[in-house]
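One chain is shown next in structure tokens, namely the form predicted on its own.
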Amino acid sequence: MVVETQPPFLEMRGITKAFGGILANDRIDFDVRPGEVHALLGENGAGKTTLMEILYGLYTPDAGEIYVEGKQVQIHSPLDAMRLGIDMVHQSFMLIPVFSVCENIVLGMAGRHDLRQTAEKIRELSQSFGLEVDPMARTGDLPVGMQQRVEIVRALYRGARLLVLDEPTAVLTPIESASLMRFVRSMALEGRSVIIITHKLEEALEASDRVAVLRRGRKVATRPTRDTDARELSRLMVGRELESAIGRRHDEGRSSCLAVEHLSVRGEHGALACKDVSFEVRCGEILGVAGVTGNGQSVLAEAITGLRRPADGRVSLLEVDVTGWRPRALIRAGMAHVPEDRKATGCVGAFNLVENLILGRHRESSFAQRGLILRRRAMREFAERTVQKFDIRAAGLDTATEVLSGGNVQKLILARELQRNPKLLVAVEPTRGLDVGAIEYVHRTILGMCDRGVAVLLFSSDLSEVFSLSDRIAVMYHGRLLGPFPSTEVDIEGIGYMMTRGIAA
């Protein structure tokens, strides 16, 4: 348990780091005590990960000092950090898939290693912290949650006294997240320190002793967790009070926009992943489809948006049969799509903002002569207006989209789709991985489209999002659709029961 009067294990003083014209960290002071869990909270792009990558030796600060146990240190590489007892688990795991867990853990460590003895030490260490990993398992065969455990056990095996976890629950199920939080507290009870980089308010409040909030590269506050709440932290993160998104209950007499009839779709291995699904979405309505990942939602969304050909059934848009149409034809017919993987399929990472904002419209006369020669000035003027209108934050229009934060990429995709004046929006996990400010923006945008008569088909595993936005709610379970139900006639517990058991409670 953290003792508030004891000196810090780590102090970072006046840390400053700029990339080109962007100041990622602006004179930040930050400290962590022994046995403390300190949450580093902020919006996407606030500078949290940059600060910790400086601590881990991946970047050199332009200014500032680092102290470990009261002594000034120079950290030029991760090896320097590890020698000081500092280790970091990144969002993208750094494991070699073909190696065993044991081989991954000792990789890079000096000396010779008896893998049998090492495996026994790993087994004992993982059990003592409730992590339970198999040292001899092939790492590439492990699920994501277990791979994260391997990264953590590797840090413990190396003797980490301070562990940095970067967005640790971003890829975990609720059960795995709860298990991770128990581990974090057990580390603190052992006298070790943990820094959790997060944009999730509930995560910061649940796990930490103190919370430091960054906004646009500056530290704006540090609070003892017991003395703050979600409302104050969200205000500190975004610099203003956030509005709660509550979907309106729309008139059931509106005309049908999307009709799906007896649709069946095959998954990656040829088996039916979506089975005999039927529903409709009316103009101006939000239909939320909830479900645990892997129950057929992604395949259903791909079939509706033209990315996967149905095995059977029919899809109609504004009473026109569009079954099997390609994405370009569906866009012309009035469909917009916010895909699940915003960076892989929602945009082209190497393209700049201008190019990404006109994707799908690059043959229109507004942006091209005879559909062949691009009108560069018109493209740029359109992008300037759009970036300003939708508050897309980047160093400039020529910035590659791959360097933008997740929230700004999602704003770009929404801006592009909204500018097409669609009749139907299919949004798949539109706020996954976003901070509270970006989530509020996405929700307001979706509700605004709905107010203008756009039909919205929302796929989300976040039940609070489904309930705050949807007029009706359906559940995908093992490829079949349960419902839809009016959102006023069901509750979160009942929908959660259907998501895990496939039947009503």
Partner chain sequence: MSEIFVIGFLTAMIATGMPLLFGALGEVMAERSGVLNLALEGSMLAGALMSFLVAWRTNHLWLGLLAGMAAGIAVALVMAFLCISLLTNQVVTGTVLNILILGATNFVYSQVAGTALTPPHVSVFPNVQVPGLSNIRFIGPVLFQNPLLVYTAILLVPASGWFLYHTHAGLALRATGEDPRAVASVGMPVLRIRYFAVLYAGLMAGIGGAFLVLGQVGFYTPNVTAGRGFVAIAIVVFGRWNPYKILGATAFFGATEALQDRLQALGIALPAQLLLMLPYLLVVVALLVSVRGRGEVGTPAGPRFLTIPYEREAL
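Positions refer to the first chain, counted from 1. The shown structure was predicted, so the numbers you read here are calculated from the model rather than taken from an experiment.
Although it is not shown, the form predicted in complex with the partner chain is what the next lines describe.
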Just to confirm, with a 4.5 Å cut-off on non-hydrogen atoms, which of Leu95, Ala400, Met181, Ala394 contacts the partner chain in the model of the complex? Leu95
Let me know the one among Gly433, Gly334, Gly284, Pro78 whose heavy atoms come within 4.5 Å of the partner chain in the model of the complex, would you? Pro78
Looking at 379-387, 256-264, 151-159, 294-302, which one sits within 4.5 Å of the partner chain in the model of the complex if you count heavy atoms only? 151-159
Can you tell me whether Ser464 touches the partner chain? I mean in the model of the complex, with a 4.5 angstroms heavy atom cut-off. no
Verify the contact flag for Glu103: yes if a non-hydrogen atom of it lies within 4.5 Å of a non-hydrogen atom of the partner chain in the model of the complex, no if not. yes
Though only this chain appears here, would Val68 touch the partner chain in the model of the complex if you measure heavy atom gaps against 4.5 Å? no
Would His90 sit within 4.5 Å of the partner chain in the model of the complex, counting heavy atoms only? yes
Using a 4.5 Å cut-off on heavy atoms, what residues in 130-153 are near the partner chain in the model of the complex? Arg138, Asp141
Distance direction in the model of the complex for the C-alpha atoms of Gly140 and Val292, relative to the displayed form (3 angstroms or more): closer
Can you tell whether Val292 sits closer to or farther from Gln147 in the model of the complex than it does here, judged by CA atoms, where the change is 3 Å or more? closer
